[in-house]
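As a starting point, one isolated chain is supplied in structure tokens, in the form predicted alone.
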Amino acid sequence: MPEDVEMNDSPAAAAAAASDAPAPAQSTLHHLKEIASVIEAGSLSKEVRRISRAVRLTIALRRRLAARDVAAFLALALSPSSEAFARLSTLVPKEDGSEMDVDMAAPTAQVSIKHGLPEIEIYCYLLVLIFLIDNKKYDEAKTCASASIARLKSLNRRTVDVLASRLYSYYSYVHELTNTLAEIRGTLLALHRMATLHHDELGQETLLNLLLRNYLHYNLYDQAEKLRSKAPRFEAHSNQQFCRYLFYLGKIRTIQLEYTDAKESLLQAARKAPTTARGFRIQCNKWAIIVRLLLGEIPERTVFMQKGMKAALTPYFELTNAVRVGDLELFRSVADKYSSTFSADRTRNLIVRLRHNVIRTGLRNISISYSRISLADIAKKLRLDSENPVADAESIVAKAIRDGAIDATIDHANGWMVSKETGDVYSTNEPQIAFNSRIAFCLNMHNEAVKALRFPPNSHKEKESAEKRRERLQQEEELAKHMAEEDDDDF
């Protein structure tokens, strides 16, 4: 029996259907206006967290930026007679007017932007600089970055510090892309001095990392260490900057043969880095693997099998295997096979240091396997390719005995190495030392976690209203949403 079909022609049904339809997407220009209103509110209320939120929103929006959006936003945010508008508008490429993105996608209230605020002006510099770098217009980006740095030198406002730290990073980044880092070293030092005088701790943190990166780029490790040791110290404000600082500190300590401190810094940097920063974590793991090998440790297999890192760490896995076996010939072949990779990672000089560790590991395996063996056989097993391998083997064995690497004696008359019986490790203090180091690590991690807790100011004095609670929850949701994009961009 045919069913009657009900026709919803009433106005109420039409209105309900319209409300169920998806809302049109807001244009990029509209999002930029909202970001500008957030910066304006943060400037007027002197709340730095609002400026940080605006930066996070911009990073999430950067993939959608087009020249027409940036040009339209500059016309709205800056006064047409201002020097900043005249400078920035010439750097943004012009597009066909017929393709202008009309901001009528969502029928929302118009957002007015107050002219003359330094935060809005600095944000315009940052927006144009990001757009030029993403479009690979490096010459124009260098011009924009230099102009923004000149403008920042005349400002001393805490609400500008977050934007300024981003500008410093992109200023150094664009010069690194054009291989002109040496030209800006003096400027970075002057900016660091200015940030110190202005008590801009986030700026000091950022600029110190940029200077360390500048020095390490040209292998100036001594100068980097002098700067690091004399720079003022304070509590870290940015997790990303603190991770970078630990990585640079680990590299400096490695070059200075302070392997224990270097290992701690590199592993801590790899742990603290966000999971989206895969390239940064790969670099930390590469250096940490080399440092652990230099310390005589063998990294666990799980280190090389981490998600997304297996291919990048393959050369270091084969190198670790050669060191573990103590095969000098295999070590040479791996070093030659991946020489280009090690040179690109700037770890080739460290791998040269590993040769002694390979010999010592092979000698330790020999001393465990044989109670007595001739020095000529030791030279043959270690594959020493010198003119007098027996004499070299004797000196290597003597040094290993002196350093405590093996427990043996040399019979010079017969040309033998006589190994002593292996003792019980549990009768020594080594287990206690190992447990103590693990306990100290756990306690240190707990203390750092407690220090990292943050609470809103005067939260214990005044009760939170319902409106403020809704605003706080909304900001926390936005922070969680955009955290991945921010971390990905930072690293």
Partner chain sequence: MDSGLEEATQKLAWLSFACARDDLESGVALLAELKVLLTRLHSLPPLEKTPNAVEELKIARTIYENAVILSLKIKDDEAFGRNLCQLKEFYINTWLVFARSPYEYQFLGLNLLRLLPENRISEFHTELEHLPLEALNHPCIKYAVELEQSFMEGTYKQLANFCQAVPNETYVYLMDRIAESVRDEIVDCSVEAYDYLPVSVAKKMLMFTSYREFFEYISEEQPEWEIKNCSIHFHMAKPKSHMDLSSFKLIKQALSYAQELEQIV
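Positions refer to the first chain, counted from 1. Predicted, not measured: the structure shown is a model, and the values here were computed from it. Definition used throughout: the rigid core is the maximal C-alpha set that superposes within 1.5 Å between two forms.
Just so you know, the form predicted together with its partner chain exists too; it's not on screen, but the next bit is about it.
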Q: From the candidate stretches 117 to 125, 275 to 283, 187 to 195, 348 to 356, select the single one in contact with its partner chain in the predicted bound form, where contact means a heavy atom within 4.5 Å.
A: 348 to 356
Q: Could you tell me which one of 199, 399, 332, 158 places a heavy atom within 4.5 Å of its partner chain in the predicted bound form?
A: 399
Q.
Within 4.5 Å, heavy atoms only, which of 239, 306, 256, 143 is in contact with its partner chain in the predicted bound form?
A. 256
Q) Do heavy atoms from each of 343, 394 and 443 fall within 4.5 Å of its partner chain in the predicted bound form? A) yes
Q. Taking 4.5 angstroms as the cut-off for heavy atoms, does residue 301 touch its partner chain in the predicted bound form?
A. no
Q.
I'd like to know if residue 222 sits close to its partner chain in the predicted bound form, meaning any non-hydrogen atom pair within 4.5 angstroms.
A. yes
Q: Tell me, yes or no, whether residue 147 is in contact with its partner chain in the predicted bound form, where a contact means a heavy atom of each within 4.5 Å.
A: no
Q.
Within 4.5 Å, heavy atoms only: does residue 45 come near its partner chain in the predicted bound form?
A. no
Q. For the stretch 432 to 447, which residues lie within 4.5 Å of its partner chain in the predicted bound form by non-hydrogen atom distance?
A. 432, 436, 439, 443, 446, 447
(Q) Superposing on the rigid core, I want to see if residue 436 changes position between the shown form and the other one - specifically a Cα shift of 2 Å or more. (A) yes
Q) Taking the rigid core as the frame, does residue 45 move its C-alpha by 2 Å or more between the shown form and the other one? A) no
Q: Superpose the two forms on their rigid core, then report whether the C-alpha of residue 446 is displaced by 2 angstroms or more between the shown form and the other one.
A: yes
